[in-house]
Every structure is written in structure tokens, then in C-alpha cells.
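Given as C-alpha cells, the chain that follows is alone and in the form predicted on its own.
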């Protein structure tokens, strides 16, 4: 039963010490009741109160973490329906599925490119989170062999998929994974699956076509001592899946309905093609998947899904930023010019895409401007000669170039004199005001 802010306040130390980040214990209690902070933020709460408040203060969606050899994929602990209310915290894991009717060599050939896939996205390394193995043969030995083939390629977290407990048991015995995800328990096999999950300290997917069915199963399984559950609301089409997922999230957040307070599992059914699966995965990432499985790997499929996930799980109250640094475009040489911009993502992409499309080599110095665009950062005092010079030194730009030319955005021409003082020996150029004019400027002025 959820406690009110006043009820929680009565169990707090009432010292108003402010160490939790709030001016009073009452303010902290109100935030705790709204699931917007964690009880651990209060350093002085008594052990007795912790025990009483543990259930009430727990996040409405349980955190479930899969672990394997230093890798992990976590989902849950979310407290809002919409990202503009507050940042989403745990990005859904993206998994590639193989089936045990393939040979070991076929499995390795399919997964090797996915395991090696890594793409730089504005200073962030995006990769896949793990792999799923599904039994379609019903043969425990074949399933174990398939799991071993995956282990030979990757040490990332695993999802083991079968409705047969004996098959899952064989997969668990073969898996090189600290905390795998078992998929799935249903009305017929839940006792055996719960036993395996408890024995192997695994997380467990619960299948159900209705909210009542899911809630009933989670309560039964939780009573056996298995806490880490993942819900798989089965729908026959995208609309049904979306409706069930949204209802589950609402009940968990708005009604604090603990029986449905778990991350969601999203996986395609047999026969769904790559186009349908890409839509299903995108829908799952947006609403409200925790572990998302697809059958196909291709860079042109993985990249947009990973970028979509990254964008949804940024903080909406902060600008989308690029990691400050010195970026290489079109294999620059020491004679190539250095262009300067801020770390607002749209600004970065506007400049980088124009230079890249021109085929001309250049160094792009992205300066720390708290995610603001050039004019906004300049007006706020976050993009000035001192900061630019500081980043020139911080990223060792002088060591990369022989022809010390640096190009300012046209809107900040006023900084050229100050930058000359900050960077003696550098030639300061003022570039165009619009990114679209950069290629012509590079050909006509910098050539």
C-alpha cells in the first residue's frame, strides 16, 4: 500500500539537515511519495523506518539487470510515462536472436558481425547488448549446442527462449552468463520455470495475453522467491501490443500496482519479416520495452534503432550534446584547416555533414558550450576566445596540425581579435554564417 507524504514524513528523522538535497524532511517525504527520489538519499533514516518504507519507496517498475562477463543490460526503475516529465533512466537492451535449428558454424557466422558492431555517434560508442537463443527443435542437446556456439562468439548477456523447462535447464547449464533471462513462464510451466530461475539466479519472462493473466502469474512466481520478472504482454498485432504495454506502465506508475511493476519484453513472432520487426522494435523502444529482440542484424537496421534509443533516453531538460573533442572529417592532414563549433548536436551535425559531403578534409574542434548553439552560447558567455583557446590546448590541436589556421563561425567574428591574443602564432579566419556555405568557403578561401 502506497504511503502518503505525511505518513512517510512521520517515519523520517525530521532533522531538516538538507543532506538529501531538499530544504526540509517534509519536502523530501513528498518527493518520496511521488516516487521521484529514493530513500537511500536520506543518510539518517533509522533501520526500522527503512524496513517500513522499503515497499512504499521502491520504484514502481522493478530494476532487472542481466549480467555477463563485465557486460550488463538493465531495464526498469522508471517513474514517468512521458520523457518530458522526467528523464527515462535505463535504455532497453537490444538483442539479436538465433534459433537452435542452425549449425554452430551458421550461428557463429550470423552473430560475429553483430558482436563486432560498434558505431561512434557524436562521441558515444553504440553497440548491441546481447543475444537470444530460441529452441525450435525442442531438443535439449541441440539447444545447449546453440548456446555454446553463441558463447564462442560473445560474452554478452543471454536470453534463453523455450517453453520446455528441460530445454531451458540444458541451456542454463551451457550458458556462460552470470544473470541470464529465461523466456518464458506461462500458466502451464510457471512452477518449473520459477524453480530454474531461483536455482540459477536468473531473471524470468512471464507470458500473458491479458493483464489479469500476467498479474496472477507474477504474484504466484514472486511467492516462490523469484523477484526479477519481465512481462511479455502477447498481442497479435502492433496495436494490441502497444495498448497492453501502455496499460501496464500506467497501472504500475499511476496505481502503484505492484503485480505489473516490471520491465517489458518485446520479441517478434515467427514469420514476421525484417520490415515488421524494425517497426516492432522501434515501438518497443519508445513504448515501453525493457528488453527488445530482433531476428535480423544489419548495420542499416541496428544504427537507427540504437540512435532512436539514445535520443529517447536523453534528458529532455538538457540540450542533446556532442562530446567535446577534435573530430576528423575526410581524413585530414596536418595542412588541413581547423573549424570551430559548439557541442550542440544539431550545430555539430550541420557543420560535419556539410564538410563531409564536400569531400574536403578538415579538423572540427567541438568546444564545451553546455549544449548550446553558437549564437546562444556566445550570448550566454559560454563560447568565447578563452574557452576556445582552452579546448585547443586541452585536445592538443597544435600537435595535429602544421598549418595553424582556425576558422570561427561567421556569427562570432567579434571574437577573432581576442582569439589572436589567446592563441599567438595562429591564423584566425572568420567563416560563413551558415553551415551550407562552408564547402564554398573552404574551396575559395582556405584552398
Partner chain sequence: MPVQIPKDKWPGQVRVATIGATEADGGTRTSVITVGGEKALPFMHFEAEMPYRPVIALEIKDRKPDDWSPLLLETWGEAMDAPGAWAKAAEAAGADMLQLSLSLTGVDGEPNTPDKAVTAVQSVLNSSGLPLAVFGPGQKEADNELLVPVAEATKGERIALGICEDKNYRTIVATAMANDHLVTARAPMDVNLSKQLNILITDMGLPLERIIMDPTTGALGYGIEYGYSVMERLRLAALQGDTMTQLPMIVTPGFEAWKAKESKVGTGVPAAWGDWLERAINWETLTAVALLESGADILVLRHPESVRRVRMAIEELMEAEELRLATGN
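Predicted model, so just to flag it, every value in this text is computed and none were measured. Positions refer to the first chain, counted from 1. Rigid core (definition): largest C-alpha set, two forms, superposition within 1.5 Å.
Beyond what is shown, the protein has a form predicted together with its partner chain; the following relates to that form.
Original post:
When you measure heavy atoms, are 212, 242 and 436 every one within 4.5 angstroms of its partner chain in the predicted bound form?
Top reply: Verified in the predicted bound form; spot residues all in contact, yes.
Subject >> Per-stretch contact check against its partner chain in the predicted bound form, the hit in 137-145, 187-195, 203-211, 95-103 (non-hydrogen atom, 4.5 angstroms) >> reply: Going through the listed ranges, the match is 203-211.
Original post:
Of 118, 335, 270, 199, which one comes within 4.5 Å of its partner chain in the predicted bound form, counting heavy atoms only?
Top reply: Exactly one listed residue reaches within 4.5 Å, namely 118.
Original post:
Quick one: of 169, 111, 329, 251, which gets a non-hydrogen atom within 4.5 angstroms of its partner chain in the predicted bound form?
Top reply: The option sitting close enough to the partner is 251.
Subject >> in the predicted bound form, residue 221 touching its partner chain (heavy atom, 4.5 Å) >> reply: Outside the cut-off, so no.
Original post:
So in the predicted bound form, does any heavy atom of residue 90 sit within 4.5 Å of its partner chain?
Top reply: No - in the predicted bound form, heavy atoms of residue 90 and its partner chain never come within 4.5 Å of each other.
Original post:
Though only this chain appears here, would residue 127 touch its partner chain in the predicted bound form if you measure heavy atom gaps against 4.5 Å?
Top reply: No - in the predicted bound form, heavy atoms of residue 127 and its partner chain never come within 4.5 Å of each other.
**OP:** Indicate whether residue 359 is a 4.5 Å heavy atom neighbour of its partner chain in the predicted bound form.
**Re:** So residue 359 counts as contacting its partner chain.
**OP:** Output the sequence-ordered list of residues from 304-318 with at least one heavy atom within 4.5 Å of its partner chain in the predicted bound form.
**Re:** 304, 305, 307, 308, 311, 312, 314, in sequence order.
**OP:** Examine residue 356 after superposing the rigid core and state whether its CA is displaced by 2 Å or more between this form and the one not shown.
**Re:** Yes.
Original post:
residue 329: with the rigid core matched between this form and the one not shown, does its Cα shift 2 Å or more?
Top reply: True for residue 329: a C-alpha shift of 2 Å or more.
Original post:
Does the C-alpha of residue 165 move 2 Å or more between this form and the one not shown once the rigid core is lined up?
Top reply: No; that C-alpha moves by less than 2 Å between this form and the one not shown.
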